[in-house]
Structure formats: structure tokens, C-alpha cells
Ligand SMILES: Cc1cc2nc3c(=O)[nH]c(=O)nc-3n(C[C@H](O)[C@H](O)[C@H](O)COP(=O)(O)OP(=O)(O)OC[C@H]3O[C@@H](n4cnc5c(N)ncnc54)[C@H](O)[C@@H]3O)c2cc1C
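The chain below stands alone and is given in C-alpha cells; this is the form predicted on its own.
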Amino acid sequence: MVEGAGGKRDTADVAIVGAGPMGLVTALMCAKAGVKVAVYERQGDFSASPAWNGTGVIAPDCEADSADATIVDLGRRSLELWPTLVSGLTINGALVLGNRRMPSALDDYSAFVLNYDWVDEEKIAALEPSLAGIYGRGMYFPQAAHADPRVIFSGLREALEAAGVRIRFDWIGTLDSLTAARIVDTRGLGARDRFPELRAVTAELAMVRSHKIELNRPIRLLHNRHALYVTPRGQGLFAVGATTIDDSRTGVSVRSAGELMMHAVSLLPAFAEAEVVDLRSGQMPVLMNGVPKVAVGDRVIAVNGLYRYGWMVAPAIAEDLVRVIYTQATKVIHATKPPRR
């Protein structure tokens, strides 16, 4: 039995605490596997999750320049799993371009990333007509996807409701008060009692609108400080982000807002005339090595430190968690270093 809203009790095998990507995907996979599951979230809606304001880019091979091999491996598996969970994900690759002031940037970057094709000016124009004549060379990563995080949140909620799983928002209980046989703790920064080494990293994102620009996929413009993407959201909207700053500040700084705007204009000068619709920020949980950690206890399985990779790795980790719940296994995350191309 699991404590529900208003002191009521619901029959469930697994209680999942936290309604970010990790919690929701784990709940859905548990439900699909026939496990009775309940989800608990302290906030009133999904907007408190840092993933709510993410870029929605799932491009593990693009991230291999800075991400651990484990992240890349989990991301590839997640790309396979996402279409089995919800609709709304567009899998049509990502394009990486070099800053025109840094002619060697692409060559330097290519030494660390995987599974790409070099593209010339003609191929860039075929992929993204808006960029025709601006860039002479780039890198196309076919195994990449993008989505509007808010659409995916909504899709996960609908899929859970269809499976008979309700999310208890505004939950004020404790993990100890839950009586399910297994508890999955995905509280992020709220789990410092379990992961005292957690630190907050602020991600910042700009939403801009231009009906004169069309992009079909995420575009990464190499930057010496950040992994920055411009991602289409439809109806003339584009997400530009995200900067990452090691602090616990809330809100978007003037400096970061300026950087995001300059990045968009550097990619495509037509963005100078775009309308700034919104500036968003969120705090992401990070562990010392930047790799997610899964701690398997007798009753509680705790997952944390997903950093900016929540959408990219959640399905693959959840797949392992369901295996743990079924078999009592203890090894969760495993990856072999892929060969360099």
C-alpha cells in the first residue's frame, strides 16, 4: 500500500518520487511491464523540473566531445526507446557548424565525436535552406533528435493516465511514509539528504520567434565556453541555449541573455530581427564526475546527477531500473567506450 493524497491509500508495488523525465519515464516503463506504480511530486506541476526549460535536444554523438562514454552509450539506447514511449520526438539528425572566427574548431571537435558525415556548402543548403551560402563546411549527425520538452511532458502524463497511473502533485509526505515494496527516488536537488555531494548548475535558455527563418533540426554552433544549440519548436519559435553556470542563482543574467542572442545571430544574421519571447532558467543537479549515479538499496533505488542529459538518458536508465525491480540486480549503469571514428 502507498500513501496517497488526502491520507488515502492506494495499492502499488513501486512508488516513484519526482516527476521529472527520470521519474515519469520510469513510471511508464514500470506500468508497461505490469508493475503497479504511483508517482509523487512536491510541486504543483511539471514546471519546477529543469527539463521543462531544456533545449529538448537528444544528440549523444554530438555530446561525445565532453560527455562521459556512459552518457553517450545511454543516449544511443534512449534514442531507440523514445518512440516506444511517446510521440512528439523528431529524429532527423543534428547539424554542427564552426564559428567563422575559429576556422579550426570543426577539425578540433571532430577528433572527439562519433558517427558523423562531413557536409559541404551544397549539402548544408539541402539540409537547411536558410543556411545556404553562409557555411562552406559542417558535420551532420544522423542519430539525433529533438522535441519540445513541454509536449513530451504532456505526452508522458497522457500515457501514464491511459495506463491507470495518476501523478500526485503537491505531495508533502516523506519517503519513509510510503509503504510500497520499492521506492524510486528521482528528486534531483531535493535529494541532498541522500546525495550530499550534489551541486546546482544553472541552465539558461532564450525563446525567440521569427517567421522568416526555417530550420528543420538542432544546429550546434561551436562555442569555446558552452554547448549551445538553436532548435526549432514550430510556428516560428526557436529555442536558443543553454548556457551553464556553476551557481545556484535563479533567473537569466544580462550576460547570459546577451550571449544567447549573439549566438543566434552568429549562426544566422536574420535572427537579429527575431522577437525575444521568453528567457528561462532552471537549476540542474550535478555530481562531481558529471555522470548520473544509481544507488540500489534494499528498498530504495535512488537516481541523481542527470545534469543536462535528463531527456537524453532517462529511458535507458529506466530500462535498467525495471530490470532491477524485477530481478533484484544491483548493477545498473554499464557502458563500454565506443571506438573513435
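We number the residues from 1 along the sequence you see. Here the structure is a predicted model, which is why all the values come from computation and not from measurement.
Just so you know, the form predicted in complex with the ligand exists too; it's not on screen, but the next bit is about it.
Contact with the ligand in the model of the complex, judged as any non-hydrogen atom within 4.5 angstroms, is confined among 44 to 52, 293 to 301, 27 to 35, 271 to 279 to 44 to 52. Proximity to the ligand in the model of the complex, defined as a heavy atom within 4.5 Å, holds among 140, 195, 171, 109 only for 171.
Proximity of residue 75 to the ligand in the model of the complex falls outside the 4.5 Å heavy atom cutoff. In the model of the complex, at least one heavy atom of residue 190 sits within 4.5 Å of the ligand. Using a 4.5 angstroms threshold between heavy atoms, residue 22 counts as touching the ligand in the model of the complex. Remark: residue 284 counts among the residues lining the ligand in the model of the complex, judged by a heavy atom distance of 4.5 Å or less.
Although the ligand is not shown here, in the model of the complex the stretch 199 to 217 places heavy atoms of 203, 204, 205 within 4.5 Å of it, in sequence order.
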